[in-house]
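Taking the form predicted alone, here's one chain by itself in structure tokens.
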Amino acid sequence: MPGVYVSYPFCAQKCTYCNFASGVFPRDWEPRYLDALLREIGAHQWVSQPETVYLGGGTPSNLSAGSLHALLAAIPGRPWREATIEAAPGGITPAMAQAWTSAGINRVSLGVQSFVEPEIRRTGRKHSAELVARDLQVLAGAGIANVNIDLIAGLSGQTAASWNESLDWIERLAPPHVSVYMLEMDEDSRLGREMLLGGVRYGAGDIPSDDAIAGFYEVAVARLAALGIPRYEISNFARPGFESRHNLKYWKLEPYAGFGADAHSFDGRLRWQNPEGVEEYLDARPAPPAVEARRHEERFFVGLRLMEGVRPEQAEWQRFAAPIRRFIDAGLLEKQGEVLRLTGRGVLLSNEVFQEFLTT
């Protein structure tokens, strides 16, 4: 059964590290955007009932209760097996949480990134560790126990001690799901542009080294496993039964429909995406045409992200024989029976591994 992704790219402020197609836009764009979303969802031809819904952004938790109800009411299949909303931590009220549950939301992903205040401030966020703890209590009071907490390894000024402080808070709060992302530097974020230019704004001069970031990540893998939150995907960790059903659709090449600016869709054979920018989406400018999925390459590119690995077909063993052998010899891949998976070292160098399968 398919999943549904709804893009809500509006934010109160743009975080320094963010490289998503989101930001602060003119206020009069929001009602126009919501109208466009409802038209797009209403025009969609539903082949089957969706089982997961994911509201990402941006900050969809800023949606009014009425707007959220209208959006979710337009999507068939309620109650869904999983319906997630991304939220900025520090401002969740009991009324908001009750509005989410009444609209069908049963999972919340909190963009915490760090529990250490100097690191938080440099990102542009305004929460504190204590406010995150209060958010979890509010969500639990509304019946939402399925919560993810995002962390970023490599924030400006981060040290081994401060990283362990954030992990101490994870141990204290005991969420069922944690995402750990290693900081990416590219020109699509303010921090990335500043680093590429050799500047110091946004704390660009205090970014940990690549080796330190990799070390932070490996510490998180070990500590989360000890807490009963094992890694099931490169950046995602969950207690058994709390894996993100929606995101698993991406990694297992299952169909999903995307709505809103820069949203992607996949029907099992074809891929297509909406215009990237909000203005282009509102003006209904043409999106890139649908393209046929390269399923053999994609099975390795997304499937190897999962710790369970992939089970290649005979034709794939033959087609990718050379890179498979090379990466096994280099200790980046391991073969167990008919299953191929990344090693611990391979996870840290996964982009190099994936690129080889996309170009072979």
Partner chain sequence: MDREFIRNFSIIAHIDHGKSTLADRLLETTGALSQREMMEQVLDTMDLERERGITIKAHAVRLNYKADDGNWYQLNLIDTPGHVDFSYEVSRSLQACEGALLVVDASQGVEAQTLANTYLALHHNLEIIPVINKIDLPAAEPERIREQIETVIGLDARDAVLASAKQGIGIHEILEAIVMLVPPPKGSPDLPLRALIFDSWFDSYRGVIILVRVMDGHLRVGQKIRLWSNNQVFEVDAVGYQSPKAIPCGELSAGEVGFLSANIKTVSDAKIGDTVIDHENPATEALPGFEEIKPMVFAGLYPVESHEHGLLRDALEKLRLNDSAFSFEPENSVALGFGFRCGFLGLLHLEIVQERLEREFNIDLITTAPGVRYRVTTTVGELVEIDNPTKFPDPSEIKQIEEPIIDATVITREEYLGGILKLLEDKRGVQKKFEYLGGGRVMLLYELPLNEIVLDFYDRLKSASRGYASLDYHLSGYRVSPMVRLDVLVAGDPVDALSLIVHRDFAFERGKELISRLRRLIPKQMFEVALQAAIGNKIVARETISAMRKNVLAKCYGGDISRKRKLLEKQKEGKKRMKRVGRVEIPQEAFLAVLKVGQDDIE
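Computed from a predicted structure; not experimentally measured. Positions refer to the first chain, counted from 1.
There is also a form predicted in complex with the partner chain; it is not shown, and the following applies to it.
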Want to guess which of 178 to 186, 277 to 285, 162 to 170, 122 to 130 is within 4.5 Å of the partner chain in the model of the complex, heavy atoms only? 178 to 186
In the model of the complex, the residue from 335, 294, 32, 325 with a non-hydrogen atom within 4.5 Å of the partner chain is 294
Residue within 4.5 Å of the partner chain in the model of the complex by heavy atom, from 86, 82, 194, 243, is 86
In the model of the complex, does residue 350 come within 4.5 Å of the partner chain, counting heavy atoms only? yes
In the model of the complex, residue 117 touching the partner chain (heavy atom, 4.5 Å): no
Give a yes or no for residue 50: in the model of the complex, does one of its heavy atoms lie within 4.5 Å of a heavy atom belonging to the partner chain? no
Answer yes if any heavy atom of residue 210 is within 4.5 Å of a heavy atom of the partner chain in the model of the complex; otherwise answer no. yes
Could you run down 30 to 57 and flag each residue that has a heavy atom within 4.5 Å of the partner chain in the model of the complex? 56, 57
